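Only one chain is shown below, in structure tokens, and it's the form predicted alone.
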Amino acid sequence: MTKPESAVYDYDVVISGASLAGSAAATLLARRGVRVALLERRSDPAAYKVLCTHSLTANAYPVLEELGLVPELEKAGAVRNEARWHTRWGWIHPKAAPAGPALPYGYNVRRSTLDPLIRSRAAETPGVDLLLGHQVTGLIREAGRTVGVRASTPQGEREIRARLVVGADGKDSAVAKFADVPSQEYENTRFGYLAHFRDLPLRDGIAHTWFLEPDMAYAFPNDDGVTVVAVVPDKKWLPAFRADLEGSFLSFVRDLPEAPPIDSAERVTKIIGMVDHPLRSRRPTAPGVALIGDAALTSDPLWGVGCGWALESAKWLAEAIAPAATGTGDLDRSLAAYARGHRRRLTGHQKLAIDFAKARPFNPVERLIFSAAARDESLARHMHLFASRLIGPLRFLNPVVMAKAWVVNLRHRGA
């Protein structure tokens, strides 16, 4: 049962984490009349996440539009993320149909640009109090449900009470831990390293991804002429790779098909990475608690979907719980609706990511679809919709698409 309305709250909702998911949720909730405390453990309002694909897939565009960030991203030089993908059958390059609409797009933009933008948008929204230097150290529990947080602040310990506590605090969510939310973890048998380069030309000026079966790599052009280059090899190569990190990284990129001319570009950051990045799935709600972004579901970073899902989950939560968060509805029922929607939209995607994280070659279905998409423009567009997370696995692999892929490949062999 939702806590009786005789209770006294400091805010309607307290959010832990003022990165993409938290800032978006705070803004969208406040616009719906919710009083929000947005807590950020770091004290710098311009703080940003360093280790990231720096990609907002097209599914995030409606959220960016609702937040009013599209003009600012365009002004900041964010790059619309058109892409081409290398496979053993050739390049897949989705293009709009001659008489059709433009392909949906998101943006490639560095987090050093994006994070301060979205955080300042939250801070300037009436109804949001951005509390920097506030780190959640525990939850306030009464009668089996969460009714607030304890936080370490520059002025000392503080309690903040709210109808709902939202964990937007990443894959190692403290809120999820304190609320005893169960978690399922899946091994990722690839590791990854990335670096930023300035003035690195790419064919057609668009993003490149290499499916090397099982190794992966990508190069994403970002704002200010900076390109993020990442390599994601099988962990069996890890000892040799780490023995000479810079040499291994550069050699890997040089050996890519149609490799970007990395030696003529200026590297502007260190080579950074993560050896262990398991995939995690958590139940997205508990009594008085909701999880969004990576706190609810951490997928494989090689797909570049984390930022988009962070923004989408923030919107799903705001739409589901805003009336109840102000005390005019049943909060538990609203949280259940959010949890159902979250599972329905993302479970299928996560299952495919978990399977592919085993660092295996393409399976027969993937060989069929990828080879046909390299040979047929309509199938390439269909792959773009899935890679952009605008359609789910069932629609992506529906019988009509599978049949067309067979026909395309049979015609190719006949020719």
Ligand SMILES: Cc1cc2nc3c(=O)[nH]c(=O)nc-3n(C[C@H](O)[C@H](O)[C@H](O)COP(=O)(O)OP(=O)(O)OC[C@H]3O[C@@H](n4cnc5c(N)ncnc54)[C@H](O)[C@@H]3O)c2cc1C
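The first residue of the sequence shown is number 1, and the count goes up from there. Being a predicted model, the structure only gives us computed values, none of them experimental.
Keep in mind that the form predicted in complex with the ligand is missing from the display, and what follows is about it.
Checklist entry - Counting only non-hydrogen atoms and a 4.5 angstroms cut-off, does residue 14 reach the ligand in the model of the complex? => result Judged by the heavy-atom cut-off of 4.5 Å, residue 14 is well away from the ligand in the model of the complex.
Checklist entry - Is there a heavy atom of residue 168 no more than 4.5 Å from a heavy atom of the ligand in the model of the complex? => result Although the ligand is absent here, residue 168 would touch it in the model of the complex, with heavy atoms inside 4.5 Å.
Checklist entry - Does residue 135 make contact with the ligand in the model of the complex, using a 4.5 Å heavy atom cut-off? => result Taking the distances in the model of the complex, the answer for residue 135 is yes, it comes within 4.5 Å of the ligand.
Checklist entry - residue 54: heavy atom within 4.5 Å of the ligand in the model of the complex? => result Looking in the model of the complex, residue contacts with the ligand include residue 54, since a heavy atom lies within 4.5 Å.
Checklist entry - Which residue among 265, 174, 147, 253 has a heavy atom within 4.5 angstroms of the ligand in the model of the complex? => result Checked against the cut-off, the match is 174.
Item to check | in the model of the complex, the one of 286, 128, 162, 305 near the ligand [non-hydrogen atom within 4.5 angstroms] | outcome: Spelling it out, the residue with a heavy atom inside the cut-off is 305.
Checklist entry - Taking 282, 318 and 335 as a possible spot, do all three reach the ligand in the model of the complex with a heavy atom inside 4.5 Å? => result Not one of the three qualifies.
Checklist entry - So which stretch, 90 to 98, 272 to 280, 198 to 206, 71 to 79, is the one near the ligand in the model of the complex (non-hydrogen atoms, 4.5 Å)? => result Of the options given, it is 272 to 280.
Item to check | Within 178 to 197, the residues that have a heavy atom no more than 4.5 Å from the ligand in the model of the complex | outcome: Stretch hits: a single one, 194.
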